[in-house]
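Structure 1 and structure 2, given next as structure tokens, are two forms of the same protein chain, each shown alone.
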Structure 1
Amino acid sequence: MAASFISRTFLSYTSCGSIRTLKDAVAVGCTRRNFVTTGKYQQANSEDDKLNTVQNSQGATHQDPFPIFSKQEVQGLLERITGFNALKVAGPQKKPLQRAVYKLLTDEQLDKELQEAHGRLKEKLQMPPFMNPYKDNTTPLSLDPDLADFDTAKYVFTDISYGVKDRHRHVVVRELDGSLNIAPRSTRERMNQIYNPREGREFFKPRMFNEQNLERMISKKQYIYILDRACCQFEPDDPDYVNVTRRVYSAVNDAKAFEDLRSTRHFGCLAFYLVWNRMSDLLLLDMLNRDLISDAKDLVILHCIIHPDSQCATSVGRLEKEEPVAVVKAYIETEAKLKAQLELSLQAMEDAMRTKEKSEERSSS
């Protein structure tokens, strides 16, 4: 059996006391049969990892978004929509003063250094997964009435074997009534933080995510800080992460502050969230006002992928060529809620494009 530590944890799971041996584990009923079981634990653990229904601010579809989000085509669309502003991605960073280093490079070496720097910046734009909140598995692994009221505290058994991912690490709890259950996700994450701590993650939810503090930070438009901190503190399917990020996305949409998240790792998730909940009109309008017609087209194509049965998907499918203007017009005519504003913006952009083409023709002639 894999090496394990058994931690004596009190009712609120707020402290971890003395470490017990496997012999003591057997004394409280955590035998090989109960701890590993013949497939029952693995089956329950796999069911615990399955993504379940979403509870978002819009009360939208209960479908699992992650399979669609993880598609290569969708990831490509979101990467193009996000954009790449090197100055914004790199951003000002507070670092201690160091002596400047100068290098003499050939053209080939310079190109190599630039490509490596570009690759490092691209890594910073890796989007966090867009997932539904998890649902704890409450099915008991075993029931041992003889162990009822054995102690005044519950016992948490944690597998600390090397090479096991935290999401797949076995953590079980011996309850006061003698039942052996899969540990709730919150308990598992705290045990993982004890034995395999991650930099920047705290044992308890930071106070900044409390209702009043979060509302104050959102009112100050500290969107990127909130999202970065949420990525550091929570797993992508944690209910707290889902609630915080969805709330920030809705606030960004209401404030039309899309430029604050553009060229960041969170812009793709924002676009996916808005399209998933059929709330992308303001984002599309912002793209048209900024003459980002290719991004607007990608946003509409994303809408067609997520909602294949929509009228927009049918209209775009009938187009012989998926030209950007034609694709955007198909969405405005079929799905848009801000139809008048989008039509005016698209018309203004087309007029500007015609004027630019005429001026270029005159200059060339």
Structure 2
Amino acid sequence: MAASFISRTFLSYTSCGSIRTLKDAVAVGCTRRNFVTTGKYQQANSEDDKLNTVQNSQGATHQDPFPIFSKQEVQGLLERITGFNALKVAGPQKKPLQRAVYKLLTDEQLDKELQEAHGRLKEKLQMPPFMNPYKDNTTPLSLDPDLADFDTAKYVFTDISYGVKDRHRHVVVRELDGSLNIAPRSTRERMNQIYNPREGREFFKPRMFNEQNLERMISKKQYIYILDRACCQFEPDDPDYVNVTRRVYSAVNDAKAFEDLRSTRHFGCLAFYLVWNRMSDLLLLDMLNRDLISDAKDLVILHCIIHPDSQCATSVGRLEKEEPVAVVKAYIETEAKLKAQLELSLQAMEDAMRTKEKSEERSSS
């Protein structure tokens, strides 16, 4: 069993104390079950979360948001809301100095190049997954009291086989009492960074994410940089990532600085967060003020998908045609907290649209 185990996987062995031979390590760390192929030791899954739909005072459910977030319909809505300002997405970036390349192209070749460029830019707008923070499950794999106090330090075994993704890497810890446990997430993150270092991710959490520094950066409106660095440093279900991103989203909401995040990869998550926590009034107001009626409609539809039991969802469902103005009106009448302001801006927008249509008719006739 031990021999087959070695041949199948590459095993890496680390401890705070002395390094022993692989044979000793395997003798200490190997269990009777072949835990590499059972696939039983997955991450903490969200099935427990799905069952746990406790309502709090605001009516937000403690559900796992990721299954809803990753739905195609929702992703499409969020993409449309994010928009695509090509100048902003392809804007000035820090990259290695290169000479400009000049090409002589036909019209068809130019169109093809533009399409490819558009595709590359779209990849930049991929939204980071919106998840709840993980819960560590420390189920013991085996209890071996005979092995208690084998050393003064715990041993951490990491499977460094090629082709295994960081999230699915098997990392186990031999505790001092002799039990073999699945490593907690923090240990797994450290091992991943040691054996599979990733650019932009530091081993120690950057001091930028401490309270003082975060506050300073938020007051200076460096929202995009904080979010980008959080994406590089943490996993989407890391408690630190969740805290930092939620903090930035609420700061953006308070400052009404939605335009800063538009056409970036973070706008979709911002909108989802606001709708999930029923705080989307300011965003809706911003959209109406900028005459983005289709975006406003998409936001309300998103609200209906996330909160299917709400009054807004039922009133929108009753509408025959999902016309943008009617949908937004349904939301304002049922769910909105800033009713007066939203009605006013909707009215102003409708008037502006009417005058625009009239002037177009006149110019065409």
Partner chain sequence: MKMAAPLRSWIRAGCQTLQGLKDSLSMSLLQKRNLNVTRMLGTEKEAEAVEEAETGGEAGEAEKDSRRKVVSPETSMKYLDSEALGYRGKPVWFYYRRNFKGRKPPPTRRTCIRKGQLSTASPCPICRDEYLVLNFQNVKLLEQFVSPYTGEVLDSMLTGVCQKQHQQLIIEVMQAWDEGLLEKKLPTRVYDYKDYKS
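Between two forms, the rigid core is the largest collection of C-alphas that superpose within 1.5 Å. Bear in mind the structure is a predicted one, so any value in this text is a computation, not a measurement. Reference numbering: structure 1, starting with residue 1.
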Of these two copies of the chain, point out the form predicted together with the partner chain. 2
Superposing on the rigid core, is the CA of residue 72 displaced by 2 Å or more between structure 1 and structure 2? no
On a core-based superposition, does residue 96 travel 2 Å or more at its Cα between structure 1 and structure 2? yes
